[in-house]
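We begin with a single chain expressed as structure tokens, specifically the form predicted on its own.
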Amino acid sequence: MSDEERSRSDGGRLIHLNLFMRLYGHHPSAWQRDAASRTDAFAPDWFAGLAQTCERGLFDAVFLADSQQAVYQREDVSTASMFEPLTLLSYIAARTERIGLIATVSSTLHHPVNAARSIASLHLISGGRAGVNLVTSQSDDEARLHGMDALPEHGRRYSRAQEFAELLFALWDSYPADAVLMDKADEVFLDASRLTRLDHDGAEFRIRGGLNIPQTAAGRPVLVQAGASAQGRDLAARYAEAIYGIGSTIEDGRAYYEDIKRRAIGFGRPESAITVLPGIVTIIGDTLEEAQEKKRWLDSLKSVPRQLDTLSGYIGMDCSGWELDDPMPELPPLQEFAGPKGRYVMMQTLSHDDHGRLVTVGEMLSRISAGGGHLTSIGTPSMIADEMATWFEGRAADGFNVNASLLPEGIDEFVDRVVPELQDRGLYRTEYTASTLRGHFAQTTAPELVA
């Protein structure tokens, strides 16, 4: 089958790719290898290099998560030591041309006016490439940093997030690009009549006025979400243009995908309005055996007590006394778990084998070691492309949030070896047709098939 026939047979859909820029790589032991330098964490050019590689690979976007704590969970976890995302992405914007730039912002810890101004500035600086991953935060320590006793309860956090999202949109729309006249003859720089002043008294926020940053020709920045709870999924389905999905198996991925699309339709949107991007952790080798050995080596860098600590955090249980040959306990129902829901759903799935039997603790540690429960694809470039194609064509994904186990080498391998495999199958773009993030998400047909 030709590329054209393949693309047409799937309605012209193309896979969308996004990189999760995580320190040293997604594997929790990535920072422990000899090649990892202590200075990388605080070198903006290191991150700019990742973005440039992804731009060469025609990715839709790069994405930065956020933590405001020096220590996240434990001292052996490196991911909390990061730049403030919008600042770093502004730096990266000047060193890239086409790739989208997505920053995480907490609606619990920020005020919408400050957030809207910062994101609008990045959008203007980058020529329409900005996106925001709106989250509600998970850590009471972060809340205390901002003067709270603890995070608000779950329902209030999401009602605040809905008000926050609506205010972002209204603020971004308050200064349309055509308000700047620069009429030199009549000495009118700005047509104030085209500006919108918000007069908002809500449950969480009170705002009078509008932004002083004009929109770009690309319109609003793109809103992204990562909802796993019912409230999070509704927030994404109502407002987001992309969502970072969950699922360690294709069955779970497909159920999540169909649920998000159904919710979007329920809010009066076409299902194509939201791009579902489950996480995929990749370990690439010339052979399956080489890739598996890479994973075993990375796993071995983290001691068993540390691995058990990680599992404890994922499932909310003290695992410190467990033995590797012990069977996993049956995990309590989702509604009884107070932590991050999406991760816990994956833990429930991974604690059972394909026949529904509980796996051993050792097997569970191996299953979560590389990706914390996300789809983990280990093998040759062709094998990884096969798995991605299966999820994509099976309505479990519109694309993937790529979590390379090692950075930067893992994304270099992915771009140089996996991307060509996807292109050869007619499943991935061979050139950009847009220069904005929204334009990338809208590209669902190969350029050569566009009339």
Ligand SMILES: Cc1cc2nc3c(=O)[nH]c(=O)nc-3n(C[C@H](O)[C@H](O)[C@H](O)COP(=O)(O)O)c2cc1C
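Residue indices: 1-based, along the sequence shown. Since we're looking at a predicted model, the values are computed, not measured.
The form predicted in complex with the ligand is left out here; the points below concern that form.
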{"query": "Three-residue site T104, G227 and G232 fully in contact with the ligand in the predicted complex at 4.5 Å by heavy atom", "finding": "yes"}
{"query": "Answer range among 406 to 414, 61 to 69, 383 to 391, 41 to 49 for contact with the ligand, defined in the predicted complex as heavy atoms within 4.5 Å", "finding": "61 to 69"}
{"query": "Touches the ligand in the predicted complex: Q292 (any heavy atom, 4.5 Å)", "finding": "no"}
{"query": "Y24 within 4.5 Å of the ligand in the predicted complex, heavy atoms", "finding": "no"}
{"query": "Residue contact check: S137 to the ligand in the predicted complex, 4.5 Å heavy atom", "finding": "yes"}
{"query": "In the predicted complex, N401 touching the ligand (heavy atom, 4.5 Å)", "finding": "yes"}
{"query": "Y158, Y239, W322, Y175 - the one with a heavy atom within 4.5 Å of the ligand in the predicted complex", "finding": "Y158"}
{"query": "Interface residue in the predicted complex among H154, R306, H110, H352, criterion: non-hydrogen atom within 4.5 angstroms of the ligand", "finding": "H154"}
